[in-house]
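We begin with a single chain expressed as structure tokens, specifically the form predicted on its own.
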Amino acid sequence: MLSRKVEKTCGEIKSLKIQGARKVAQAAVEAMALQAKESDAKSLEAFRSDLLVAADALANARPTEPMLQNSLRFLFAEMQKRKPKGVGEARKAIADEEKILLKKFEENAGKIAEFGAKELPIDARILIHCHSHTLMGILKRAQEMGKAPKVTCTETRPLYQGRISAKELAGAGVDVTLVVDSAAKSMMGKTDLVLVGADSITSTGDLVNKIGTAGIATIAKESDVRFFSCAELYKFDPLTIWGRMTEMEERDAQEIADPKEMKGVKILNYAFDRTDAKYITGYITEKGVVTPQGFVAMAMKEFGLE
């Protein structure tokens, strides 16, 4: 039986009340830990079954987020490694691994902020798309270092996550401008580099991110502007090694327009698109700034897939 926390977390992930890959993964890990704590299973087999049901529900709440999937796999695998002899030991293992994983998330975010901020030139003119907690960390750290970045945010239709970024950066004292998505080409001549987050990275180093990212990357390449994605190794999708295509989520048409007011009109609302590795200058990771190929090599090593 799913705990109320798991059910609530699944709903908040699906509705985008919880946004950002790390925030989603963190919420899922916390929900799993509570599921373990509240499980009334009497046997180890029943306890594992409880956890698997909860993990499946959480994973399906956002099937396009490898950081979510990888975090749940890690939690369960680490519990198994401890070879618990009973429910009590298994419950303690989950609680311990939750703390370890959440601490790792926090440390990785700090490392990426440092590496990313160092990569930015002083007074850099930066174009960003959508909202990424990892990306916000880099820009805020650059501001703290006195680099005074000048940031342009696309508003990021249809849910306007770019407005969240703009408000957050303004609150941190960053020089920020908000533009419509279709202004990306017009702004590129006034841009030194592009920074985006990441939802998923494939075994070929391609980036899956908010819809519109691929178009901006293409414009940046044509304009000789560097394009970086900020991503932890946990964003790597290991299933793409075996040929699985990353799912491109299609969200509710209502986010774009009311279908009742658009009779006879088909509405497609793709949440993500895929940017080929050839358009990506590098990934800013917790281990440094690397090429797409370098990211894949490090991720393969991290997950024991060499």
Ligand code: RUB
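Quick note: we count residues from 1 along the sequence shown, nothing fancier. Please read these numbers as outputs of a predicted model, since none were measured by experiment.
Keep in mind that the form predicted together with the named molecule is missing from the display, and what follows is about it.
A.B. asks: Of the options I216, A198, I128, I138, which one has a non-hydrogen atom that comes within 4.5 Å of the named molecule in the predicted complex?
C.D. replies: By the 4.5 Å heavy-atom cutoff, the listed residue in contact is A198.
A.B. asks: Examine A21 and determine whether its closest non-hydrogen atom to the named molecule in the predicted complex is within 4.5 angstroms.
C.D. replies: A21: contacts the named molecule in the predicted complex.
A.B. asks: Any of the heavy atoms of T202 lying within 4.5 Å of the named molecule in the predicted complex?
C.D. replies: No, T202 stays farther than 4.5 Å from the named molecule in the predicted complex.
A.B. asks: Does any part of R157 reach within 4.5 Å of the named molecule in the predicted complex? Heavy atoms only, please.
C.D. replies: Residue-level check for R157: no, no contact with the named molecule.
A.B. asks: Please determine whether S132 contacts the named molecule in the predicted complex, using a 4.5 Å cut-off between heavy atoms.
C.D. replies: Judged by the heavy-atom cut-off of 4.5 Å, S132 is in contact with the named molecule in the predicted complex.
A.B. asks: For this chain shown on its own, do L16, R62 and Q161 all sit within 4.5 Å of the named molecule in the predicted complex, going by heavy atoms?
C.D. replies: Checking in the predicted complex: L16, R62 and Q161 are all within 4.5 Å of the named molecule.
A.B. asks: The chain here is shown without the named molecule. Which stretch in 208-216, 117-125, 170-178, 70-78 comes within 4.5 angstroms of it in the predicted complex, by heavy atom distance?
C.D. replies: It is 208-216 that comes within 4.5 Å of the partner.
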